[in-house]
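Just one chain follows, in the form predicted alone, and it is written as structure tokens.
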């Protein structure tokens, strides 16, 4: 049975919100990642309950592995509740400070977040103490160019964000948008994980796991498949983006899906760059794909999700 130090509590969420990691130490209490905006009220309740279990502590610090909507969506609500000091990866800070909704994949991907305050930045090589444990920040480009992971050499634990899950990693958005170095950067990120002494990974989505070598093998295999056929990455990304929209909205009318994929710029750009289908054909194809992988179903004229939000 997987065992984490008593100072670490993982609030495992679904696929709309990232996991939240509560670290309670003698100095202060830290939360890593805050979930999606739609779940902010739930996030507050979960964090409050976790802090109550630790003697009614307050939340002193908030740290983001990266600033996609499902990892930073609760930041503003947590700041209002606790006034917590907030740190983000250094490369993300300018995007947050000017609230660049395209670069943050918000308006561009029909996603939402609430503007929040950045108090400090973190960079690869920085050392920080969370939950009474010393951690090192490690660069994790791939899914997000500026993402960080946090490794505890003493406890041999890695908080990986979306750089490594038990069965893969997050969509390689920069590659989709023309950053040709992304595949190589992703491979270097996986290599850096392989070089660490890690007994347990706390991922951004899914349960913490100990079978790190097996997870890395699956991740390398997936990366190789994308390298061999970049259109495969595009197909995967299109499925993921529409599934995410379904998780937030809970249902999308099939009659308006053609307009949705034509107007949502991330889907429109994926289609134009990789497939050149008509919007109607592209919408029909995505619906078929989501049904095929059992991520969604048709119900009363709508498309509804089958995966857990």
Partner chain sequence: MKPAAAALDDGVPSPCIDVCKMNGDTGYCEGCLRTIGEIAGWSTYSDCQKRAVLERLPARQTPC
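Numbering follows the first chain given and starts at 1. What you see is a predicted model; the values in this text were computed from it and never measured.
The following text describes the form predicted together with the partner chain, which does not appear among the structures shown.
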Exercise for review: Examine residue 285 and determine whether its closest non-hydrogen atom to the partner chain in the predicted bound form is within 4.5 angstroms.
Suggested key: no
Check your understanding: Taking 4.5 angstroms as the cut-off for heavy atoms, does residue 240 touch the partner chain in the predicted bound form?
Key -> yes
**Study point:** Contact of residue 23 with the partner chain in the predicted bound form (heavy atom, 4.5 Å)
**Key:** no
**Study point:** Exercise: residue 154 in contact with the partner chain in the predicted bound form, heavy atom 4.5 Å
**Key:** no
Check your understanding: Pick from 218, 81, 188, 85: which has a non-hydrogen atom within 4.5 Å of the partner chain in the predicted bound form?
Key -> 218
Practice item. Work out which of 46, 262, 277, 254 lies within 4.5 Å of the partner chain in the predicted bound form, going by heavy atoms. Key: 46
**Study point:** Options 162-170, 117-125, 133-141, 176-184; stretch whose heavy atom lies within 4.5 Å of the partner chain in the predicted bound form
**Key:** 162-170
Review point. Counting only heavy atoms, which residues in 7-33 are within 4.5 Å of the partner chain in the predicted bound form?
Key: 9, 10, 11, 12, 13, 14, 15, 16, 17
